[in-house]
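What follows is one chain in structure tokens, specifically the form predicted alone.
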């Protein structure tokens, strides 16, 4: 058994990807680097999100974890064991500990919901006389007990994904890998799946690795976020920090999709005042900054737009304002000191 040396299993990472690179040749014979020097430790019981734009290498990393695709270089460790070169029975046993769900559900259309789930159980030599009980338990967990004898064509997209989740949990995995699991769903249904995965993570103490380009999902679901760009890991942090204070410009571009505020061009065109964007994070979000500024400097502040999000139960607020008065410059300096970010809005932010 090949293990990571000098580590206490209780304290080490549950999954570790170490110096992973994946290369392949295109149809034109050109070598493509899908992933380069990727290293990441995943904690037991956490919900880790891997985000990035299309082609960033996210799905490749997901398949590396359970070795559906083996890395060209580097190693994968699971609970301290190096599993990179596992084959046959050893590899099958590892994969049984890692359930996986996909964007398009991958259900057997000619099989009932019951048989779709039972297929996994039969493949793993589950006791036949206990299969129906196990199927009932799983369907109850995902809220579909009354759909046991239905066919996939009779289900909505959200229901199909619930069946896929139940199937992935059939062999009591320790890890659930979700590859764009909400991308084919409408926003409301996607949020229902997000809530279900949260509940499953809490009830079963599963480690969840969730691949997505949907920032709304990232905001609501993840404990930590790993950001990929062009095959590389560029940033890792807790979810709140990623949304509130990005280190990399590539991360900022992703996060702006759900946090930035837009002002119609007509509003700007008909107003000769400067527009400022204020960001509140952490404890500063609770301070009465606007009212204090007005009282202290006797200025007028108009709130043009604003919203407050809650990420991991912590507030994250954005306001767009105008300021006018004799002590405008002093008010601006005060706001810069007591807010997390104070920016003069340029035209590019108001498309």
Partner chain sequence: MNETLNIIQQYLGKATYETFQMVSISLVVATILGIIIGLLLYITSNPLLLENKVINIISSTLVNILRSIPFIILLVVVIPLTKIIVGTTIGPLAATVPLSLSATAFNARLIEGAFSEIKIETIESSIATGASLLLIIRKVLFVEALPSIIRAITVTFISLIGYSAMAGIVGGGGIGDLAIQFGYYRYETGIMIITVVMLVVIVQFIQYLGDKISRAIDHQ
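Numbering follows the first chain given and starts at 1. Everything quoted here is computed from the prediction, not taken from an experiment.
Omitted here: the form predicted together with its partner chain. The next part is about that form.
Q: Is every one of 66, 95 and 119 in contact with its partner chain in the predicted complex, taking contact as a heavy atom within 4.5 Å?
A: Yes, all three are in contact.
Q: Just one stretch in 119-127, 205-213, 185-193, 231-239 has heavy atoms within 4.5 Å of its partner chain in the predicted complex, so which one is it?
A: It is the stretch 119-127.
Q: 272, 266, 172, 153: which sits within 4.5 Å of its partner chain in the predicted complex by any heavy atom?
A: None of the other options qualify; the answer is 153.
Q: Quick one: from 139, 200, 165, 107, grab the residue that has a heavy atom within 4.5 Å of its partner chain in the predicted complex.
A: Contact with its partner chain in the predicted complex is made by 107 alone.
Q: I'd like to know whether residue 111 contacts its partner chain in the predicted complex, with contact meaning heavy atoms within 4.5 angstroms.
A: Residue-level check for residue 111: yes, a contact with its partner chain.
Q: Under a 4.5 Å heavy atom criterion, is residue 102 part of the interface with its partner chain in the predicted complex?
A: Yes, contact at 4.5 Å.
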